[in-house]
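In structure tokens, one chain follows: the form predicted on its own.
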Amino acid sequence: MQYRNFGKLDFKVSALGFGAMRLPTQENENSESIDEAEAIKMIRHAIDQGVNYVDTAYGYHQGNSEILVGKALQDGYRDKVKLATKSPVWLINKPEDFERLLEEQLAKLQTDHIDFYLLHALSRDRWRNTILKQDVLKHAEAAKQAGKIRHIGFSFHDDEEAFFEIIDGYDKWEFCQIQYNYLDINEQAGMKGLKHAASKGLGVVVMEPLLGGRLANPPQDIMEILDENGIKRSPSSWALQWLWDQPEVSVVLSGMSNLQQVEDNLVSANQSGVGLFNAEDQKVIERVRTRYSERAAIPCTGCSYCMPCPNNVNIPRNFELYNGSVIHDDVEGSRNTYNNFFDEQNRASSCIGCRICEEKCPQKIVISDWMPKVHSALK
């Protein structure tokens, strides 16, 4: 296993981290019914092969992921890893909720401390209206002082501006977790956020390196580009090696669902390192990125000049989800996000066709014509 710096902390982290969000489930059962024996076997095998960072969260697998990870880390495995989990900040309605949730997590994980504790899925709204208003950071610092957590960080889902506000709004962050892959260099925290966090001495944990598995199973025209130069790499390895080539990346999390995925990622991690992804490799990724953008149906650049919408429609996000369904041949994935993780008032269905946005759009997109199509495709 290759090991990397974790920001300014005195800790060498394995290039590959085990993400416990997509554990194997019982056949024909829902996501909360984890195949316990197989999941424990996978986690322990990864640790035996050098993985020393295991990541879970309060809500993964409908609350059962932390319980499973706690079981997997028995029999001496807890001492071999740094354990990361996340505070479900959306459940913090009063200051004492932080301590109550933390105690529940410690019990589920069967441990007396959490090495890396993240405030989960921060956005501008959660930062301002929960973290700051409920004085959550004060309680996190008290938990650290008590030895219940060792390091304070956050995971992030919002835009670049929000990321900078959060990361620069507290001077005791020790690490952060961002969505980042070769298609997301300008999305969410993006490459600028990665470099800024690293410049402040933070460890940077990368999630969604394969964009929910989409980059592991690309469309045929993308596969042809990856195969053209004769390099023997799987689509997953292309994406992972691109990340590991960047010194600012501390550890790449993979949410593995079967033992073969664990084995494949271990092989790739063992071959990783900064400076191993050469100029020709970078050109391949540039061509892939360009081809993905050409697959988009709506020529939206995400500039947000169309915003704010007087009826609260999040126009760029609707277009992003629709384009994602086309780009990745994955209507179901976009449909799931649209219906379950997107406020109803922000959906395309709320468009009233006022056309104010169209006067501002540099791409001259007829937005009011597209919105019914987006809703029809994703509802």
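Position 1 is the first residue in the sequence shown; the rest follow in order. Treat the numbers as computed from the prediction; the structure is a model and nothing was measured.
Here the subject shifts to the form predicted together with a small molecule, a form of this protein not shown in this document.
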| property | result |
| --- | --- |
| Distance check, M21 to the small molecule in the predicted bound form, heavy atom within 4.5 Å | yes |
| 4.5 Å heavy atom contact, Q105 and the small molecule in the predicted bound form | no |
| Proximity of P218 to the small molecule in the predicted bound form, heavy atoms at 4.5 Å | no |
| The small molecule contact at H151 in the predicted bound form, heavy atom, 4.5 Å | no |
| Interface stretch in the predicted bound form with the small molecule - options 130-138, 107-115, 263-271, 71-79, non-hydrogen atom within 4.5 Å | 263-271 |
| Full three-residue contact with the small molecule in the predicted bound form, heavy atom 4.5 Å, for A121, L211 and M256 | yes |
